[in-house]
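Just the one chain here, the form predicted alone, laid out as structure tokens.
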């Protein structure tokens, strides 16, 4: 976890104490429960994205339930899926929308215990509606975070008017040679290309896929982007004058954090449309301690845990009260914290194994060209 985020979450924790007393819709667990006695097990194994949980959530849960949490991190939905199929046993996963859809289709998840999930009423209705696209009754998944993909850009070097005019196609502007960060993700990169060309990001049309591949090749040859993952956060928040980039394709939560640190940066979602996404908490069928995993999900939905999560990571909370408090508090005026909603050109990724294979083959070629 980055030092800056640790310091930031410490400030947030103090703020959360004040806010909890005036607007929280959940009651934090204060009495210690012995997990072994109550649930027959006292250890849960969690598999989540890197830098994707508040500093105090796990320690507070362990103290409250006299339990142990083993926490592993993955860097892509596909890597998580491969490990799960390889026989690894986890009690809780936090995959993205299309991967939850895949896990459901392949019967790899078990139903949640709705009686244990007493904090479901804290959820933001907008987050619930996104989850219902692939889990209509929230029988197997609970919203964790949601967000979008857009540009973080240096306002001193790129104008919003220019972004309005060019959208994703600004990545073909020669003046940005060696000034671009592109997220090293085949689905996100091809999403950018599909949207720039006016296609659905869920297309499996061969001609459209090939056109998107050629568009990305042209971007690669024109602006020579640096392909990155989490390092883009510090690189844009604390730019090195000798290596600074003017624009980066990033997730909205990373953008919110960057904008809170660096006032020279702005966030922009192109009019051609973008990916709006949600990640959810699920319990695999082979979980060894599902009862305690359900308790953890419920714990995350409490106000204090949700606040810690969202402030630390920067993504839009699925706890309605937390979302509103942060949007009007810590991230007031930072548009990346509340991604665009209700825009007809924005889409959610859907699971399509054939499409994933086609993109994977071409993405490797793009970066080697």
Partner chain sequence: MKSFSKMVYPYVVWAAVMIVVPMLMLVLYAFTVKGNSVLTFQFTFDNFIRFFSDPVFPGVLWRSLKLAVITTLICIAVGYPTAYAMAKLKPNSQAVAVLLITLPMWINMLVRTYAWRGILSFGSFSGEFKVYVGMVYNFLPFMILQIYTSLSKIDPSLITAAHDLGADNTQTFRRVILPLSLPGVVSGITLVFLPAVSSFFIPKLLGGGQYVLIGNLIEDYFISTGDWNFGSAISLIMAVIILISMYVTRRLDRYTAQEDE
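This one's a predicted model, so the numbers in the text were calculated from it and none came from an experiment. Numbering follows the first chain given and starts at 1.
This next part talks about the form predicted in complex with the partner chain, which is not shown.
Here the chain stands alone, but in the predicted complex its contact with the partner chain, taken as any heavy atom within 4.5 Å, falls in 234-242 among 234-242, 115-123, 135-143, 153-161. When the partner chain is considered in the predicted complex, residue 147 lies well away from it, no heavy atom lying within 4.5 Å. At a distance threshold of 4.5 angstroms between non-hydrogen atoms, residue 351 is in contact with the partner chain in the predicted complex.
At the 4.5 Å threshold, heavy atoms of residue 224 reach the partner chain in the predicted complex. In the predicted complex, residue 129 stays away from the partner chain, with no heavy atom inside 4.5 Å. When you look in the predicted complex, the only residue of 272, 298, 186, 96 with a non-hydrogen atom within 4.5 Å of the partner chain is 186. Contact residues in stretch 350-369 (any heavy atom within 4.5 Å of the partner chain, taken in the predicted complex) are 351, 353, 356, 357, 360, 361, 364, 365, 367, 368.
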